[in-house]
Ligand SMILES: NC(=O)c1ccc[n+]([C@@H]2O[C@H](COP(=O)([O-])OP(=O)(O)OC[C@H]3O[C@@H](n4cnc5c(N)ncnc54)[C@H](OP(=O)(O)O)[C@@H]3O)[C@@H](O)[C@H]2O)c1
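There is one chain below, alone, in structure tokens, taken in the form predicted alone.
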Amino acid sequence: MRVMMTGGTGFAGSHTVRRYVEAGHEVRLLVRDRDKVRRIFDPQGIAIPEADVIEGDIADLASVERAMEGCDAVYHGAALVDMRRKMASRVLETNARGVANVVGHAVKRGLPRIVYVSSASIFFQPGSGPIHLDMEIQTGTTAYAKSKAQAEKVIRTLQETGAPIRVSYPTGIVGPDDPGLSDANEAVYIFFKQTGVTTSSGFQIVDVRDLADVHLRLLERDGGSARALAAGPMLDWASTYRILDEITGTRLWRFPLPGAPLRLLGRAGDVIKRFVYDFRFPLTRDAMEYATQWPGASGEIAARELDVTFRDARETYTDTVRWLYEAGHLEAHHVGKLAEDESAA
């Protein structure tokens, strides 16, 4: 089938493009930067015809309609992510229009397969039990978190009318071949380049390649709507650092810090962004609550229903750290024996 895709040059999106093409589907990409398509996919040997690269924006209905013409399905993964307070209204407006334009127009056209990428974080509330799909939607405090919650409510309303929308809810997305440094991969980078903290809770990831498999199964499944919690391993912080030490043969510098001070720092970050200095770094109340109070989630139901296997953390981290080195983000002394393995190969 021919799939119109937004977010196809992002991290999860580019892996989903690859997975769709490998499975024999055709893709049409709505992008803001045509050259980025070539930079990402040409080295991978993925040929996307020029006619199937449409320059436009999810907030512009005309370009969405142009990209969707002649397509059998839609994948909507694009969203504006910006932690600066001055961008809050734009984040909310852009992401709301994106869902209305892309998903709403796909429903209006009667397309039988619509895949939408949400986030497991929309269910998170400090002090709650493990995340599951029957939990109430939580608004969050940042504009991006609010936009995802608002989008989820729109999606639920459309699903209730019978719209065939299939939703993935990933945890922290980690893996190789990242067109930029997305949030969870940037966290791994910081562990090596700066420092880490052992605190309460832990770091739950999903391998980006497994998430792409989830998106393929959601696309190809028969029937109407579906929801899938794409959750890989949940490890406490000490176990996460221990795996990184073991795969590299080095020792990352980290120090213990209770969750409460980190949450205070997050609240301070919100105040600083409001009154002193508006910065991109996600030092926010939301981020620190996720880092110190995340209760974990299970991907067992999605794995069983979609016939997907979620990789273990050691494999994901090995491939991710090796890629960070090969891409020039980390140096040989950071990754230890992984750099030696590359030299030997």
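In this text, residue numbers run from 1 along the sequence as written. Only a predicted model underlies this, so the values are computations on that prediction, with no experimental measurement involved.
Beyond what is shown, the protein has a form predicted together with the named molecule; the following relates to that form.
Checklist entry - Which listed residue (I165, V74, A78, L218) meets the criterion of a heavy atom within 4.5 Å of the named molecule in the model of the complex? => result Here the answer is residue option A78.
Checklist entry - What is the one choice in D57, D52, D286, D319 with a heavy atom within 4.5 Å of the named molecule in the model of the complex? => result By the 4.5 Å criterion, the partner-contacting residue is D57.
Item to check | Residue contact check: G172 to the named molecule in the model of the complex, 4.5 Å heavy atom | outcome: Yes, G172 is a contact residue.
Item to check | the named molecule contact in the model of the complex: D236, any heavy atom under 4.5 Å | outcome: D236: no, not in contact with the named molecule in the model of the complex.
Next on the checklist: Contact with the named molecule in the model of the complex for R311, defined as at least one heavy atom pair within 4.5 Å: yes or no?
Outcome noted: Outside the cut-off, so no.
Next on the checklist: Can you tell me if F11 lies within 4.5 angstroms of the named molecule in the model of the complex, counting non-hydrogen atoms only?
Outcome noted: Close contact exists here: in the model of the complex, F11 approaches the named molecule to within 4.5 Å, heavy atoms only.
Item to check | Triple contact flag G7, K36 and D183 to the named molecule in the model of the complex, non-hydrogen atom at 4.5 angstroms | outcome: Judged in the model of the complex, G7, K36 and D183 all sit within 4.5 Å of the named molecule.
Next on the checklist: Using a 4.5 Å heavy atom cut-off, which of 132-140, 255-263, 155-163, 111-119 contacts the named molecule in the model of the complex?
Outcome noted: In short, 111-119.
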